[in-house]
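One chain is shown next in structure tokens, namely the form predicted on its own.
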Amino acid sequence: MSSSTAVTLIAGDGVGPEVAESARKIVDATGVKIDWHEHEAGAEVFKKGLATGVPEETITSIEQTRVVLKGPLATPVGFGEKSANVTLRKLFETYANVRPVREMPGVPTPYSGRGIDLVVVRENVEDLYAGIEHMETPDVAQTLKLISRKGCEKIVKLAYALAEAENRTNVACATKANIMKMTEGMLKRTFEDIAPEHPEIDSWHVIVDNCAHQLVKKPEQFEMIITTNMNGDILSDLTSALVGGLGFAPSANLGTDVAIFEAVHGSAPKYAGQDTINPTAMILSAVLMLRHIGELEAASSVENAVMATLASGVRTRDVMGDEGSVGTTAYTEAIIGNLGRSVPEWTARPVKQVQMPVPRKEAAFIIPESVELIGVDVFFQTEEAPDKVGTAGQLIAEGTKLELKMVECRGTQVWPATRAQLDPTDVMRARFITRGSVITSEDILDLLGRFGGRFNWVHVEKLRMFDGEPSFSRAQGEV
């Protein structure tokens, strides 16, 4: 291309500047014209007193370039700041985290020769990582697991677009829908709704713990795994270990408007400035970036050069140990010297530029024909015995449109008593259900006013029926 492409370069913390410089040198050596816009984020920014870790000038640059190549960022422990990585993902709604892993020549692992070649596509902005937490009491913490139909649809459609661009023939969706039927089940249902649109691809669902088991037992059966945010965080680190570790793990954070490419390893400050770090993850992240901007030939050239270098025995200390290893600079120069070469041990996967799906604009995708408010769950603080709590709850509900159905602690019913043996905490939940007619929010407020005179309630959840189906789960033992 005759014109240059603007890219925001964030070197990062610790070893970040070394691996970022390695990737930049190699990209420049391909002849692709990149207009690098260097900006900062991470630990040094936190030290200046900026709580987000991302300066305004960095945000402005990303808004202009829409493409970022980023080294690892450190979040100081104990300061209470959000991760600068998470800040960037949320600011620019990079809803898909893409983590490819493939067996590499010259990198021995217990799985060498198995032909591992897969990609984990992880939802990147919601789930538990929305970071919405509360201390209900000093002894009991909660976090909200938020899964939306919109978020699920975006990640599934992106995964299929990527599968088609990379000629992949099977896609697995990994969830814990057998336990979390509404949240994790949302991804499973969305996947099963969209999969028939791609009949040429073998699509299947797997429970996430079995997926982890199968990845260790027979990883070559997978080509692509779609999963939720926390599951994907765990599984993608597992898959990286199958092919040599985080030093070989590139990633892309893809959004509708912005793409951020980064090595997934940490900043490793104790190795900073020693010219020993393995820059492969950052280099392969630059390969993903080149593909994203349409420089497919240059991307393949860099990828082949990395594999030729590894196959020739030129490797860093994390692979070789001290004896026979080379430093970051020498490794980088060897890759540049191998541009244009390929090796028989590596056959490049034919890929096309991914056509990013255009997400639907509306906020709500599922509009029920009927919504009925039938009750309320009240979470409250108490150290009283369950039978005493139950009696008090019944008295509170007298004269209202609601009656006490059950009391539970940590998901298990404790009143009416069951055979479950429980070591209670100081937070319980009382479930009140309508005595027959549909209720209103005012009826709930009336109940809460009475309840608050007896117990210290900490939060409430309305119980509704959508098209005749309950929008809430039952406690263990509840009938």
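Predicted model, so just to flag it, every value in this text is computed and none were measured. In this text, residue numbers run from 1 along the sequence as written.
Below, we turn to the form predicted together with a small molecule, even though it does not appear here.
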| item | value |
| --- | --- |
| Complete contact of 85, 262 and 265 with the small molecule in the model of the complex (any heavy atom, 4.5 Å) | yes |
| Single option in 278, 231, 285, 124 placed near the small molecule in the model of the complex, where near means a heavy atom within 4.5 Å | 278 |
| Sole residue of 74, 307, 107, 177 within 4.5 Å of the small molecule in the model of the complex, by heavy atom | 74 |
| The small molecule contact at residue 89 in the model of the complex, heavy atom, 4.5 Å | yes |
| Contact flag, residue 390 vs the small molecule in the model of the complex, heavy atom cut 4.5 Å | no |
| In the model of the complex, residue 314 touching the small molecule (heavy atom, 4.5 Å) | no |
| Close approach of residue 134 to the small molecule in the model of the complex, 4.5 Å, heavy atom | no |
| Proximity to the small molecule in the model of the complex (heavy atom, within 4.5 Å), stretch among 65-73, 425-433, 445-453, 47-55 | 65-73 |
